[in-house]
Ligand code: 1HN
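Take a look at this single chain in structure tokens; it is the form predicted alone.
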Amino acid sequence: MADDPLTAFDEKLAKANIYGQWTGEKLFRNTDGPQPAGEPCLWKWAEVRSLLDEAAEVMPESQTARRSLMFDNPGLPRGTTHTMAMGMQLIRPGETAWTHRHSIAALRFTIEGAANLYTVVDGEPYPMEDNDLVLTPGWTWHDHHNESDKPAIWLDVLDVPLMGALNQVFYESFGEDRQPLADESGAMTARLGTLRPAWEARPTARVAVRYPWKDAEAQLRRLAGADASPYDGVALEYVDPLTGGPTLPTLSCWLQWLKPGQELKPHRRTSSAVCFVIRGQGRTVIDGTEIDWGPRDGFCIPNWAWHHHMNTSASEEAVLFSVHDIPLLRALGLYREEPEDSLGTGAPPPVPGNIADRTREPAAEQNKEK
């Protein structure tokens, strides 16, 4: 028995499966916020592409776990960040990745696609051409079909670590490789999405959506010369086409455009991010760690880590696709930035089809009637 009365009392509490809050008071002395979870990491495309080819050789059939290579952060028990898992998946010509569903939210960003590569979500087929984004919200039936004559590869991002930490993982197999289509003709009738400036404030929503690259790139170029964020550059968020809400309840997807030679300002967020390079060459500095990236490389940014991007080319643009856990933190009232707030603070720019203007029209008409 300890001689100190308080130590002896702590030991007595421990035997009763109780602890005094004073024993954890150090948790509340760190006024600078949380320590970043995990490490800044880079996964080079050349290595990952080679490993995907090898996976196709050693796994002629995709088997129960699919032919998916997930990016593991060495500073975490599992996951790419503490809330997200990112990786790349390959299916061969003629293959079907069988139908299932889970409480985990997921999205697919196509790297090597085709017009006859598609994902079916709750009976709706979504084509997957190069750089298309397709959502599979939690608990939606989904399967993938490669009816092209070449291997197909896409980027997977899922909120697996988050669902695991919350102990909310549900999984169900459909029992067959393919689910029936809602439209038996096979017509591609799935909902199309849109993008909005990331610095706008918007409501939330959850829907399954396909975002074709040709539309996304056109919107990105429309705002390429905008005076946008000094921390993110021209950053457009993939949003619900009806409400303007985030991509998924736990995940927000962005496109970022950096002009030649552009260097953004350092900042940090309580959210974490995973990034995929669509085109260009650049460098991201994360808490002093320099990550040099090129086309189709992937990297991660831990939460509350100071970071900034730069385009190291003097003549070529750089375009990044990124996924953030911002919606989750905003829902909990835990999202913040330093040195200042940069998201949801600006007025919508004059872009055709402005969702905010459309949502204000009914109210304006009502006022006229009064």
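Numbering starts at 1 and follows the sequence shown. Because the structure is a prediction, the values reported are computed rather than measured.
One more form of this protein exists, namely the form predicted together with the named molecule; it is left out here, but the text below deals with it.
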| query | finding |
| --- | --- |
| 4.5 Å heavy atom contact, Ser313 to the named molecule in the predicted complex | no |
| Close approach of Arg296 to the named molecule in the predicted complex, 4.5 Å, heavy atom | no |
| Touches the named molecule in the predicted complex: Ala208 (any heavy atom, 4.5 Å) | no |
| Residue contact check: Met70 to the named molecule in the predicted complex, 4.5 Å heavy atom | yes |
| Options 100-108, 226-234, 262-270, 247-255; stretch whose heavy atom lies within 4.5 Å of the named molecule in the predicted complex | 100-108 |
| Heavy atom within 4.5 Å of the named molecule in the predicted complex - residue from Ile291, Ala216, Val160, Ala114 | Val160 |
| Of Arg66, Arg330, His308, Arg49, the one that lies within 4.5 Å of the named molecule in the predicted complex (heavy atoms) | Arg66 |
| Stretch 139-157 - residues with a heavy atom within 4.5 Å of the named molecule in the predicted complex | His142, His144, Asp156 |
